[in-house]
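To begin, one chain is listed below as structure tokens, in the form predicted on its own.
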Amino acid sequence: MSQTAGILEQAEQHCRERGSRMTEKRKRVLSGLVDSDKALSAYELIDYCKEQFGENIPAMSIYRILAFLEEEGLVHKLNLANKYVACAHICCDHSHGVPQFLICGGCSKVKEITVNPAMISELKKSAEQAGFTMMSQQLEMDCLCDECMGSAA
């Protein structure tokens, strides 16, 4: 079984346990995100489904599928890029910290890491002291991956 197939199987089991259903179209969209090391837009996922499965899925359907997958905790929306990534922890059965996304400004590669909840509490406190309310704990950082950093040198 391929790594993608294993992740899709875990995602399907996760949905069953929560009383929801992982349809074929949802699996196809999720597989596009799992197979990519970059964040993808809805339109890039339309192209992926057309190229990989010969299926033309309308944009509104893709957005509904992405909303479902995000609600199920299987994908994350990167707000700054308005793109989506598969959750790095689909196959885990333990709790994680707050997701943080390192986004390469050179090649658009995305890596999900977790942040200690104490750090998020400190950030929230600092924001409040500055007169702001943190609306989301998700952090997205503009970075350069090692490959891009090496080719820039």
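For clarity, a rigid core is taken as the largest C-alpha set superposing within 1.5 Å between two forms. Just so it is clear, the model here is predicted, and its values are computed rather than measured. Residues carry their position along the shown sequence, with the first being 1.
What follows is about the form predicted in complex with a further copy of the same chain, which we do not show.
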* Asked: residue 22: heavy atom within 4.5 Å of a further copy of the same chain in the model of the complex?
  -> no
* To do: Please check if residue 149 has a heavy atom lying within 4.5 Å of any heavy atom of a further copy of the same chain in the model of the complex.
  => yes
* residue 111: touches a further copy of the same chain in the model of the complex, heavy atom cutoff 4.5 angstroms -> yes
* Taking heavy atoms only, is residue 56 within 4.5 angstroms of a further copy of the same chain in the model of the complex? -> no
* Counting only non-hydrogen atoms, which stretch in 84 to 92, 28 to 36, 47 to 55, 117 to 125 is within 4.5 Å of a further copy of the same chain in the model of the complex? -> 117 to 125
* For 4 to 27: residues with a non-hydrogen atom within 4.5 angstroms of a further copy of the same chain in the model of the complex? -> none
* To do: For residue 141, decide whether the Cα shift between the shown form and the other one is 2 Å or greater, given a superposition on the rigid core.
  => no
* Using the core for the fit, does the CA position of residue 19 change by 2 Å or more between the shown form and the other one? -> no
* Asked: Against the rigid core, is the Cα displacement of residue 60 between the shown form and the other one at least 2 Å?
  -> no
